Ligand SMILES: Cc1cc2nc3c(=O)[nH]c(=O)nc-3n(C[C@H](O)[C@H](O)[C@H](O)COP(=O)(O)OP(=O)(O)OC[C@H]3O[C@@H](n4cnc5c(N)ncnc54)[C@H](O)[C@@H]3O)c2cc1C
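Just the one chain here, laid out as C-alpha cells, in the form predicted alone.
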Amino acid sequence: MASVQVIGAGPSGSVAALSALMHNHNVSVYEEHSCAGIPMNCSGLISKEGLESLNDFVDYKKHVKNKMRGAIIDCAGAKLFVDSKKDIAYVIDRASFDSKLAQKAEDEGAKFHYGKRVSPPFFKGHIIGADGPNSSVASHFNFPNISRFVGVSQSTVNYDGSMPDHVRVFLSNEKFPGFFAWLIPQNEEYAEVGAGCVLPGNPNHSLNHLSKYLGIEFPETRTHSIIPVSRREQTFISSPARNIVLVGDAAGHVKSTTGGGVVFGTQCARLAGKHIESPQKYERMCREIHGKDLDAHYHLHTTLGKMSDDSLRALGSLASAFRIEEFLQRDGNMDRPMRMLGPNLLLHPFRALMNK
C-alpha cells in the first residue's frame, strides 16, 4: 500500500484516484478550486461510448442536458450532413458530472482538500499530476513541454431550436486558423458557441468571425481556455523515493481534432492509478492501447490545419460526391478513428460510384 497524491479533481484526477483506491493505495486529492467542476470551461459534448466507459463510476444519464445524433460539417462553405439516426453523443452538465465523480472518489476513501493550490515542494509519496495544460507538476519535475496548444473562446446564445440534436462544425483556416468553430444546442432555447485557433492566434477574433458568419450577435461575456493538442513525449518520472505520472490535459491525452479530453484522459487515468508503482508500464500501456488513435487525431488536426479554405471546400465537395456522410453514419467513431480504417472505408467510394 502506497501513499498517492492526486493534484487536480477534474475527471482524470478523480478517475486516477478511484483506480488507485481500487488497488489499495492511500489517496489524497488536492483541488485549487472550492469544488470539482468549477469553473466550467468546456462544451460538455462527449461520445456515448466514452461516457459508457465510466459507468462503473458515475451514472452519466443523470447529467445529460441534450442528445446528439449527428453533425452538420461546414467545410468553408461546402456542407456535409451526418445523421446516425441514433444517439451517438450527449451534452452533459460538466459541473455536476465532475462533482459526482469526485464525490464517488471521496465516498470510496480518498481524502479531498479543496481550495488548496499545491505548489513545490510537493508532498512525499507518489504523485499523479492531473492539473491541466499548465501543469505545475510537469513544470516542477521538468517534464518535456507540450508543443502545441489551441486557444478557445466560448459563449451561450439564444437558439432558434432548429435541429437540436445536431452539432454544427465550421472549418475555415481563414477564420479559425488551425482549428474550428462550433454551435452545440444545449436545449431548444440555448446553444453554446465556440471557436478555437492554434496559439498564438486570437480565439476572440475567431469567435467574432463565427458571429458574423452566422449573423448572430454574441454576448461579450465569454469563457476562455487553452487546450493541449499534442502529447508530452514522456508522462512519468521514476526515482527510488517516489514516482510522478501525468494524466489528462497535463499529459496531452486529448483528441487533437476536437480538443476533447475526457475519454482518453480518464481511460489513461485508470492505468495511472493501477500502475503508479510501475510507471513505465503505465506509459507503455497508454501508448499501446491509445497511442494510435491519439496519433491519428493529431495527424488529421495538423493536415486540416494546413489547408486553404479553397482546399477545404474542395474536400467537402469531394466527400459529398463520394457520399462520405453515409460512411460516417454507418461506421463513424468520434473517439477511435483507427476503427474506421478497413475494408468498409476502402470499398465505400466504389459503392458510392456504383449507386449513382
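Residue positions are given as counts along the sequence shown, with the first one as 1. Being a predicted model, the structure only gives us computed values, none of them experimental.
Quick note: we don't show the form predicted together with the ligand, though the next part is all about it.
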Here the chain is shown alone; which of P185, P279, G261, G273 has a heavy atom within 4.5 Å of the ligand in the predicted bound form?
G261
Contact residue in the predicted bound form, from K124, R117, H205, K111 (heavy atom within 4.5 Å of the ligand)
R117
Can you tell me which of 67 to 75, 124 to 132, 141 to 149, 160 to 168 lies within 4.5 Å of the ligand in the predicted bound form, counting heavy atoms only?
124 to 132
Wondering, does I7 line up within 4.5 Å of the ligand in the predicted bound form on heavy atoms?
yes
So, in the predicted bound form, is V58 in contact with the ligand at a 4.5 angstroms heavy atom limit?
no
Is it the case that G196, even though its partner is missing from this view, gets within 4.5 Å of the ligand in the predicted bound form, heavy atoms only?
no
Is the gap between Q154 and the ligand in the predicted bound form 4.5 Å or less for some heavy atom pair?
yes
Residues in 27 to 57 close to the ligand in the predicted bound form, defined by a heavy atom within 4.5 Å, in order
Y30, E31, E32, H33, N41, C42, S43, G44, L45, I46
